[in-house]
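Just the one chain here, the form predicted alone, laid out as structure tokens.
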Amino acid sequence: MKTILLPEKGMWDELCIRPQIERDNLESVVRSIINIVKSEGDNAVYGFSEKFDGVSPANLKVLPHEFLISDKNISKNLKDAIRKAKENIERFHSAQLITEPVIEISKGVRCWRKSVAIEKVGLYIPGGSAPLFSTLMMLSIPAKLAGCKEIIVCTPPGKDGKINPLILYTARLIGVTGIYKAGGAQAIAAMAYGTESIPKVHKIFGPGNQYVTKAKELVQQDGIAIDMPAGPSEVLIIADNLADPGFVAADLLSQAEHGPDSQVLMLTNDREFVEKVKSEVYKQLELLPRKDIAFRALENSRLILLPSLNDCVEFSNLYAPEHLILNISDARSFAEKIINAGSVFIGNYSCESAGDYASGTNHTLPTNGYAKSYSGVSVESFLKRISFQEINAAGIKELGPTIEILAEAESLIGHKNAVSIRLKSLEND
């Protein structure tokens, strides 16, 4: 990890730059994949699966007997833990289901909004070295609570052509309507445009590598909604000299092991604490099964000394981290100063892993600085809101003259006439 001591504020913008991924020809490659899937459907998905992942599954859709087999491969303890996490996520997200009141704007004018679930949603769950069944929970549970009629999942199969049992068990437990053996940009294209096997959806959710991310960006241009722009995972920790260096190091490493392009940062106002954390990081790193991945992420990561905790908060708001841990005295009061972050963890025992799995909050969060303008996934992400208005005769008499004046000021006489004809009708009556 790089150690940076008391950088001038003029350097802060540079320090907030995320690791850059090689993107030569990325858009043209992904656009080609999308176009082929649009024209060739299932055959293209099978072909790209074999080309990129070295696997050709017997069928794209997971069949009922495959779910049953998965149940037998999961221990009771793990099933109980998944159910506990599910309950907590449901409890937190259920509170987001709010019915808005009808507002009487003025006499005879009533306005309101109704939340309606997006009918068909697609969830992308990455495969690779770790089965992200936790991400499946974070996406499918709010979708289910919102009332989405069709919730499909695309996830790449392993070399044996099968989906990880944890993914299948979680999907069945929550009530996903269909799960498909497809990964990469081809899976995003299949959900965006539909194939013989994979249904077309109205909105696509979920993280992925640079090809998945670019595919989501490109299908969005065709009117397919996506959850948010995405990038590699990240955490920023603000710590003081009363924090436990071992805790801080463990939190940094828990995020670094996601992938070599992840970034972890610690900000502190104590010079000695920087060295304590650095020593702990490399001591704990040796114990991790994924230490090679974490080590590569640490090459892009930083321990930064700043003059005060207020400076640390100011830097954090500029960086806008996906995950922010406040491991400092009086963390609650400093939390009030946070304006840019995906999810905030307050205090010595609030590890980021809790939010990743079981505290109840959602872990699908804006990365790469997008926390300045995006929120994490919630029940609201799976809803659209329709506004309604009801105006009676008394209401149009009251509001009509105001509308006429405003419409005429914009030279939209047709708009004005739509009001005037009604007012004249009421006068004649």
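One-based numbering along the sequence shown. Everything numeric here is computed off the predicted structure, so don't read it as measured data.
One more form of this protein, predicted together with a further copy of the same chain, exists but is not displayed; see below.
Here is the short version: of 35, 43, 375, 59, the single residue with a heavy atom within 4.5 Å of a further copy of the same chain in the model of the complex is 375.
The single contact residue among 114, 159, 271, 72, judged by any heavy atom lying within 4.5 Å of a further copy of the same chain in the model of the complex, is 114.
Although a further copy of the same chain is omitted here, in the model of the complex all of 109, 338 and 410 have a heavy atom within 4.5 Å of it. Only one of 133-141, 263-271, 172-180, 185-193 lies within 4.5 Å of a further copy of the same chain in the model of the complex by heavy atoms, and it is 133-141. Residue 421 belongs to the set of residues with a heavy atom inside 4.5 Å of a further copy of the same chain in the model of the complex.
Taking the partner from the other structure, a further copy of the same chain in the model of the complex has no heavy atom within 4.5 Å of any heavy atom of residue 307. When a further copy of the same chain is considered in the model of the complex, residue 96 lines it closely, a heavy atom lying within 4.5 Å.
Taking the partner from the other structure, a further copy of the same chain in the model of the complex has no heavy atom within 4.5 Å of any heavy atom of residue 301. Contacts of stretch 239-262 with a further copy of the same chain in the model of the complex, defined by any heavy atom lying within 4.5 Å, are made by 246, 247, 250, 251, 254, 257, 258, listed in sequence order.
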